[in-house]
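First come two forms of one protein chain, each written alone as structure tokens, so that there is a structure 1 and a structure 2.
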Structure 1
Amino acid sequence: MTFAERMLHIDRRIIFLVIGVCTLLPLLYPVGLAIKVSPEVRGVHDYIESLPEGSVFLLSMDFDPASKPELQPQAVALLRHAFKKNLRVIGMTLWVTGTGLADLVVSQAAQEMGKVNGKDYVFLGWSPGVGSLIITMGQDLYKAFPSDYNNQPTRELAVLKGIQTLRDVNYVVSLAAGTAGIESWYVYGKDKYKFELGGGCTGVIAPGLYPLLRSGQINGLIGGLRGAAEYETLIGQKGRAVAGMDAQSATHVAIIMLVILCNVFYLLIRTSRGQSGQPRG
């Protein structure tokens, strides 16, 4: 059996091992491959960058653990940027199944950046309803959320001083894994209460949100893990998203190389059999 024939009959477990190594190593030791930043991701970043210190930033984490790999890195990058800019951060979620995860993301990012709960940020949690909740927030934030996720009376929190309704919020970003999400914030919120709106989403639903972006209904869109990696690049804090893109790139290169090698070995075998007069299989 020739070398080419041996390679075509290689144990598939070796191929699985190669793919596993190509995936794992970049996650453990990311190299930070060059990433081109798209205009839609830059739109969200530049708007936050333009906000003066003390502005109000509301991040609605409208996803659950199933979408964590794509949307948690987006949330972390946005929170790091907002805290670095010394914005007043309001966290919440429209998905009851994602409440615990959203609270963990906000608290960990705040702890990393040295921010104090109630003074620099607040996590409001979840409240029933989607459209009715957003409308109520547009009329009276304290009626929608009398207390935060930790049962602190919201009227007594320093971070919410001077904030009565959504009209007092400078920027809202919804990170959505479906409905409710970005569309809900636009239909029930922005169109009526006139705040600026940005979005982030999983890769699979991003194409359906581009009409909102092109029409100016949202001013930016962070799409999937790639979008999170672009945002990490913009703020100069490369994290899980950049590592994830390194792993994807390495795996894709490995698969392409395996496909090319298999075709080369197959052609070598056909050529050698043709020269020897053997029937081609």
Structure 2
Amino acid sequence: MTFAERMLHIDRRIIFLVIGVCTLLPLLYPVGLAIKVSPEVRGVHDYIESLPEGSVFLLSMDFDPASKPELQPQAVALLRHAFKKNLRVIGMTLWVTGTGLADLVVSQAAQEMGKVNGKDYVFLGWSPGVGSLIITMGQDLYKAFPSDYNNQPTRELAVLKGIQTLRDVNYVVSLAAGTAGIESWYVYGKDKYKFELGGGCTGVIAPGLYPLLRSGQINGLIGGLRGAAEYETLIGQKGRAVAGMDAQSATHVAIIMLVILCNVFYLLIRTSRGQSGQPRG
């Protein structure tokens, strides 16, 4: 077996080790590379920036712990921005396995910004049904969530004063790891109840949501950890996403180098087989 053939059939664990090192080292020794902000992330940021104080912002954290590394930084950045703008924040989730995580994210962000539960924000929790839940919220928010996650009656909360349905919400952002998520909020929510909708998602499903962005069905899209890092840059509060970008940069470059290497070895084998008259692989 030639060197090129041996390299093409290298043990996967060596590749895993390379990726592991490329992820770990930048986290231990951050570099802090500059992050360029994309128009799609700016779309979400600028809309929140344009909302007057006291506007209602609903953040639906539609992800479970598996997607926490990508979507939690997005949630934290959005909540920090919303609290800084003194918006009335409503948190909720369409994924039952993400309820605890979502509650933690909202509580921690609120505590950091000195906001009071019931007065400045509320976490509604989770309720069964996706489309049916959104439709019920569009008809009567209090029927969908008679009490919040802490069992406080929602009708008595100061933060929800004057809000009857989704039509009274100024901006909804869904942070989605898959189905149910942004598309559900558009089909069952924005299409019927006409609120403005933005989105955040994991990097792998982001390309599939560009048609919604191009057609104006969502006014912005925060894609993956990169999107979260861009948002953190926009609000001037760098967090885990920016910290993670160094690791992501190193990993991407490592994968590119591996792909280039594998193609070099492949071409070498093809060339040598061609010269020796053997069939090419």
Partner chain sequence: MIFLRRQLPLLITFVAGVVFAAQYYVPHPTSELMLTEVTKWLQIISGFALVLGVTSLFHIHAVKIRRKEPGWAYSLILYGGILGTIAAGFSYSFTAGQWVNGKETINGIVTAFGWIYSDMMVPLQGTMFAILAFFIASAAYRSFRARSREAALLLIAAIIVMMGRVPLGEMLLPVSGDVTQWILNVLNAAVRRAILIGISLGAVALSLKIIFGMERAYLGGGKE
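Just so it is clear, the model here is predicted, and its values are computed rather than measured. Superpose the two forms; the largest set of C-alphas matching within 1.5 Å is the rigid core. Numbering for residues begins at 1 and runs along the sequence of structure 1.
In this pair, structure 1 matches the form predicted alone, whereas the other structure does not. In the core-superposed comparison between structure 1 and structure 2, the C-alpha atom of Pro26 has shifted by at least 2 angstroms. Core-superposed comparison between structure 1 and structure 2: the CA of Ser55 stays below a 2 Å shift. A movement of the C-alpha atom of Leu213 falling short of 2 angstroms is seen between structure 1 and structure 2 when the two forms are aligned on their rigid core.
Relative to the superposed core, Thr251 has its Cα moved 3.7 Å between structure 1 and structure 2.
Fit the two forms on the rigid core and the C-alpha of Leu17 turns out 6.8 Å off between structure 1 and structure 2.
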